[in-house]
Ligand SMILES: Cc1ncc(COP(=O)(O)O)c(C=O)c1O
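First comes one chain, alone, set out as structure tokens in the form predicted alone.
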């Protein structure tokens, strides 16, 4: 493909993507395929000779589209949002075209500097303490990671490195392996599984902290566990707090937990993967109160801030803690300025400028309002119950009755493919999650979803009565 054909095909691809997004609500949101469907539809080996672009594009429709779960559909209500917007898509095109790899400042200065400035922009939108910003007298700063899971791992490894150094200062003869074997990290029993995986990768023990009636970790519970572990000879060193848990969007009480962690010299990392975007709205910013006690903080603009995957924003109070834990530079990477950055920041730059803070706030408020509408509809139907407080864009609900009944309801929804939800377990009960996800989701889509759910529920309940 030469430049002339690239120009032509590129314009065609923009039209293809625009047509797809404009008409996405008419597609079945969840695919009707079986595992392994794709292998039989394409050759078992790569072609020896080049094939035409036309043939490749035909196979996108024939092979790929039947197996796509349409995350951008207004009928998609599973997991959490996977953000997308036209400005972000254009920025991604530019990023791919420039092809920069910013592993150091010298490798591509604009990569590093734009990322630093965009994380400061975003930090100010969130009203983060100045300690977390790079463009101040503080020692902190932001960096873009691929995912919140990656950010949690980076924070845990940095905390582990810091803890080992701290013990060595008082006991130089103690081996690193012995110190690490005594390290203990903590997180909520409601936390994302990636926190536990970070512990496995980091080779440290993770203890799950029980939550209160609102699925939140409280300081009293953590304090007791820390005291027990210290008495047993362990070294508490890391706590991952969650603001907006995956099952129910619950919030750990970081205003209580932060002072405890500071007093015990425990690194507190805050994972706000989904909920973090909402903190740009003044009415939701109090949910972040207590961040001043944290050592690191992270959320995913690629979830709810109209910046497509991957773009996970992470801040640290002392960037030397993060840089020092992973600093190992061969001579060919040694430069006067050792900072680095990738061009994922272009997506932030485009979106922030073309939506403005007011446009992004309006988008988040709309999703929260739609979730409240859905919550109201659930409450009006006495056959259903709300299972967790609705704070942002997630509603946890279920049919009153057995887990098997709710499992059957979800199975039928998935089979029909008109809307897509996923479940969670809260206090051992099978619960349905309804998340407002799509950029184009409107009130009518939420109403249609509820009508679909209630119709299927009526059929299931009637069938159950007949069987009885």
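Computed from a predicted model, the values in this text were never measured in an experiment. Numbering follows the first chain given and starts at 1.
Below, we refer to the form predicted in complex with the ligand, which is not included among the displayed structures.
For residue 303, a non-hydrogen atom is located within 4.5 Å of the ligand in the model of the complex, even though that partner is not displayed. The ligand is not drawn, but in the model of the complex it has a heavy atom within 4.5 Å of residue 246. Within 4.5 Å of some heavy atom of the ligand in the model of the complex lies at least one heavy atom of residue 148. Looking at residue 187, you'd find every heavy atom of it more than 4.5 angstroms from the ligand in the model of the complex. Checking 162, 367, 192, 398 against the ligand in the model of the complex, a heavy atom within 4.5 Å turns up for just one residue: 192. Residue 273 is the only one of 360, 288, 158, 273 with a heavy atom lying within 4.5 Å of the ligand in the model of the complex.
Only one of 108 to 116, 288 to 296, 163 to 171, 140 to 148 places residue heavy atoms within 4.5 angstroms of the ligand in the model of the complex, namely 140 to 148.
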